[in-house]
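Taken one at a time, structure 1 and structure 2 that follow are two forms of one protein chain, written as structure tokens.
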Structure 1
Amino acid sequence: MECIITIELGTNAVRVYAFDLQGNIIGSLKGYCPTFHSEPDYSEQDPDQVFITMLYVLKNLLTEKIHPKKYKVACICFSSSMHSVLAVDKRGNPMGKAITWADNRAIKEATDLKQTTLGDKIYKATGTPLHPMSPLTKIAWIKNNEKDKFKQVSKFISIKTYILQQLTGEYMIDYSIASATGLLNIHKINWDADALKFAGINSSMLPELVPVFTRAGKLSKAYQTSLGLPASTKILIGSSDGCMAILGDGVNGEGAATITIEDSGAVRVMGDKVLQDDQHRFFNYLLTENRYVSGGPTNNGGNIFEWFTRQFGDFKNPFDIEHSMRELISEASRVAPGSNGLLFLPYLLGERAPIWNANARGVYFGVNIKHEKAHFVRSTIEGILYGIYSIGKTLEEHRKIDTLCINGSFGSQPFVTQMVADIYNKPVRLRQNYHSVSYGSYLLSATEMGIFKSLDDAAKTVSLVDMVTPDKQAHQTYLKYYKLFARLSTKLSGEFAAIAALQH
């Protein structure tokens, strides 16, 4: 019997799934990875810690579920979060920690570039909004602020490239992750000359560009031995978590969008054309040639509710975060929509779409003497989802959306899913005990193996059987509060800048 293993290098966790060739889950495990915030705008991860966590989780799954049942691993397919940057020296050693998507240190580089005609040209060529999230601006920040380090850098790579290089010795980056760097011309599928010049690098300082179906080298002998895998095991480079998620939900073409709320969040559509937006509010990332995943990301998803839980949850033991989150959600369910006039702007990590303001900050607005803890819990969830809704509204200026799919460990909780349906006033489809990113990786692998003729055929097999319908009365309440949420998000931009300046 053969199986497919998928590895997702997420921001807070490494998730490893095993599928049989029909797409049934054999088993799954995950391991957590911390993010370090040494400064208010810094978000970093230790690449070796991510690698060791990945090895530990993969080995345990192989030992517990795969080897005892005599499965042969036909393929291991990778996905990862986007926008990470790791500088390595000539020997491939990390020169510090990896900078993640949530890092805002390059706000000056992004703001200055956005105000130029060059910035407009780069956005149209790369499809990546000009924001501190992008490797383009992060590399420029290193060039401007860590000049000695910059001179010694051999390559700038993503966390996924680093993990694969450790396993196989090859430096590769797939089209999907590359298209989120701000350095790839998504129309010509090569490194963009203007973006390279702005970053101060040349193409030799970046990994080799390859399609998502590419075999990323051969597993080294040491890992063949330690993992109990043969040299013939196929290592597939795979894609980004966002592209895998929309593929795993089977969303393509007009009428449907997918919402992911994991640590961060996003609303995405997929089609054969780039979404042209004069205000630079959307990303356009490649899955494969002429297949674009478009939409907007938020910095502030389930990670914000986890932050709230760690500060204000009741813990029976210090590691029981998931139980504490469920308890808080139960409290929130006893409060009516609108949280009795309490609004939350969830911008604890700045914000990307649709306001693209790295200076944005979190705000509780409308607090009065009658508000209790449960109101704060519910308003926190509502604020996260208002942010998600604002992305969907801007997407609907370009694409018709009749139904939504939802995925992510936070987004697929029943209470949250119902709130999404109510806020959007649209039906939401999902499947319980289902992980869209990993299933998308299975579909990609199965297509590469010839089980499906194409990704289109693979996506058509997806069946999301559960449907959540909206409560129209709740929608009317949410709509009134959302309008105030949207006004506050823009009206406070000056105050956001002022408070950010005080921290430097």
Structure 2
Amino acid sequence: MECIITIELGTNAVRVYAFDLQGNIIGSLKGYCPTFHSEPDYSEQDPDQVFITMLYVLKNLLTEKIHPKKYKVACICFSSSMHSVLAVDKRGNPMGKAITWADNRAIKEATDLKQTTLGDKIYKATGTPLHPMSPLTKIAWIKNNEKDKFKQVSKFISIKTYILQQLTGEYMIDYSIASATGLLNIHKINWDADALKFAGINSSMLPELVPVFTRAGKLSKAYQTSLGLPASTKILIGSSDGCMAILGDGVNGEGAATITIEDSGAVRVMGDKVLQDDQHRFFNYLLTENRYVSGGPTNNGGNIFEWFTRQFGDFKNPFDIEHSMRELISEASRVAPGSNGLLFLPYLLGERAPIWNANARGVYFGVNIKHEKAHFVRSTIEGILYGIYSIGKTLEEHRKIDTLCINGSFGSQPFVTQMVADIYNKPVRLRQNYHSVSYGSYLLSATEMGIFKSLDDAAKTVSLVDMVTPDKQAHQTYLKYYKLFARLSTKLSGEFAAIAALQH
């Protein structure tokens, strides 16, 4: 019997799943891998620890679930979070840690570039918003701030490129990850000359650009031995977590969108055209030559509710935040939609889409003497989801959306899913105990193996069995508050800047 293994390199954990060829899960394991914050704006991962964690988890899954049942591993497919940058020297050794998407050190490079016509040109060519998350601005930051190091850099690579290079010796980057660097021209699918010039590098300092179906070389002898895998095991380069999350939900083409809410979140659509937005509000990432994943990311998802829980949860079971979150949610469910007039802006971490304002901050608005703790709990969740709705609204200026899919640990909680359906006034589909990113990687692998004719066909086979239907009355209530939410979010921009300055 053959099986497919998917490996997701995330910023908090490495997740390994094994599927049979029909897409049933045979086993899964995760391994925690920390993100380091040596400075307030910094967010870094140790590439060697990511590698060792990946090896460890993969090896454990193989020895526990795969080898004893005599499965033959047909393919190992990788995905990773986007926007990571790692500088390596001429021996391929890391020069420091890998910078992750959440790192904000390049804020000046991003803000300056945004105000120029060059910036506009680069955004339109690359599809990546001009933001410190983008490797384009991170490399420019290293050029401007670490001149000696910059001179020694042989290549700038992504964390996935590093992991694959350790396993096979090849330096490759797939279309999806490359299209999130801010350096790739997504229309012509080659490195963009303006972007390279701004970053101060040439294309030989980047990995080889390849489609997501590419075999990223052969597993080196030592790893064949330690993992117990034959040389013929296919190592597929795969895609990004964002692209796989939408593919795994089977969302493709006009009429559908997928919402992911983990710690942070995103609303995404997939189609054959780039979404051109004059206000630079969306990303456009490449899955294949003719498939674009477009949408907007938010900084403020489940992490904001976790923050709230840490402050106000009862923690009757020490260290069991899930339990405290469930208690708070049940408290919130006893309050009517709209939280009796208490409105929350969730921008504790600044915000990306759609307002793209790093200075934005959280606000409880309209507090009156009758509000109790339960109203604060409910309005916190409502505010996070108004933020998610505001991304969907801007997407609807370009794309029709009739149905929604939802995934992610925060988004798939029943209370949250229902609220999303009510706020959007659209049916929402999901599947419990389902990991969209890994399933997306399974679909990609199975397509490469010829089990599906194309990714479009593969996407059609996905059925998210649970559907939540919207409550019209609740929707009417939410809509009134949302209007106020949207107004406050832009109206307060001067005050956001002022309070952010005081906080620095």
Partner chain sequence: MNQFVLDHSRSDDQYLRLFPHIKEIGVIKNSSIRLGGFPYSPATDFEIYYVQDGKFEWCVDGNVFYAYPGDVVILLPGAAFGNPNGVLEIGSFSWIKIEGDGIQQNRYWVPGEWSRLNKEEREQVGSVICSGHPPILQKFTDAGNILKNIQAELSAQSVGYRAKVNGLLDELLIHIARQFTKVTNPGRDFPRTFMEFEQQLRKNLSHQWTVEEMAALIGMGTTLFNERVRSYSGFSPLSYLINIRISQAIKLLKDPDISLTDIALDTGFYSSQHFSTTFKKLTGYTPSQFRKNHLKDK
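A quick note: this is a predicted structure, and the numbers were derived from the prediction, not measured. Every residue number counts along structure 1's sequence, beginning with 1. Rigid core: the largest C-alpha set superposing within 1.5 Å between the two forms.
Both panels show the same chain in isolation, but it is structure 1 that comes from the form predicted alone. Residue displacement note: Phe19 has its CA displaced by under 2 Å between the two structures (rigid core superposed). Core-superposed comparison between the two structures: the Cα of Ala336 travels 2 Å or more.
Comparing the forms between the two structures, the C-alpha position of Ile99 differs by less than 2 angstroms, with the core used for superposition. Core superposition places the C-alpha of Gln418 2.5 Å apart between the two structures.
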